[in-house]
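Read the single chain below, which is given as structure tokens and is the form predicted on its own.
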Amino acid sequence: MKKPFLEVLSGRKQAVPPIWMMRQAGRYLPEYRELRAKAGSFLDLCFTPEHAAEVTLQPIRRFGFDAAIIFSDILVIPHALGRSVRFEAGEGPRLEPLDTPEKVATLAAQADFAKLEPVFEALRRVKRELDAQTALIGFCGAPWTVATYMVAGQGTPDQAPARMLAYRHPKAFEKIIDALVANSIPYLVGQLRAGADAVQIFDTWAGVLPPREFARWSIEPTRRIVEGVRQQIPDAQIIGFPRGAGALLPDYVGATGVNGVSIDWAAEPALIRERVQNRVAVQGNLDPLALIAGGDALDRAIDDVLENYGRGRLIFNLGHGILPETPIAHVEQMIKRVRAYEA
């Protein structure tokens, strides 16, 4: 049986768009919260294969999405590079800052992939459980976005610490990017060989970069990762998500070689249709706040996505991750409406 998600990525539009959600395994689900309370730390949840597999499968059992995405985090690569990574409740990730060239010089070049074996094992477990029509997605953080957390030691409103280091000490910043590129390639290859049907590269903070820096720190590292993965797996299906890229999206698609691109809810529809969707699959782009709002506002927002992109290759998704306060009934409303659509 064919997987609708992979059909779209491979170039074949579906009458009813396949659907999944970024962060679909998460805090809006009571079954997730129950397991999270038992698991210990967030990284314990990520690195215990039976837990990570169970969390990955929860939204598939509940909603029947067309794709599952492995439960993990974009900061597992810094962890495997020997950096201290922890998650503070209500505050997000905390790392040892690499905010000077001297500190950057301490960064290992080679990750300890034994630390990432639980991710591969979780993928193998999930693969055995999924039916023949449901795709499995692996992922990594894009080098720029992961580097922003490594430099600042945490998330910041506009990731200014990383931007400043890149301006003042580009060679030092390049060392971080190079290490992330070099280790993201085997990480994604390992996920594909463990059973992932496709992988996504999350560049959550791409939108803070001016055009020149976007080309250097978002496009070029992603291009190198795509090229490196395809050297080992030539038919690898890869989605890019340079959140906030806006008018720079056509350049990203043209240069990176991705099969599909996720778009956020602020994307300009005509630009996407005429300069992006005519080349690759488009994934998105419902506003997560519309999903919280529900009712007629949600129906209108869903219809806008379908009207704008449903005639082309579309994977219906959110423009970013689902928020914890999202009502389950609104997710059910969304799925019902999308699946009633036929282009």
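From 1 onward, residues are counted along the sequence shown. Predicted, not measured: the structure shown is a model, and the values here were computed from it.
Beyond what is shown, the protein has a form predicted in complex with a small molecule; the following relates to that form.
I69 is the sole member of L314, L286, A52, I69 with a non-hydrogen atom within 4.5 Å of the small molecule in the predicted bound form.
Between the options D99, D197, D264, D73, the residue in contact with the small molecule in the predicted bound form by a heavy atom within 4.5 angstroms is D73.
Although the partner is absent here, F139 lies within 4.5 Å of the small molecule in the predicted bound form, judged by heavy atoms.
The closest heavy atom approach of R23 to the small molecule in the predicted bound form falls within 4.5 Å. By the criterion of a heavy atom within 4.5 Å, P161 is excluded from the residues contacting the small molecule in the predicted bound form.
Although the partner is absent here, P93 is a contact residue: one of its heavy atoms lies within 4.5 angstroms of the small molecule in the predicted bound form. Shown alone, this chain has one stretch from 165-173, 186-194, 73-81, 245-253 that lies within 4.5 Å of the small molecule in the predicted bound form by heavy atoms: 73-81. Taken together, the three residues R36, F87 and H320 all come within 4.5 Å of the small molecule in the predicted bound form, as judged by their closest heavy atom.
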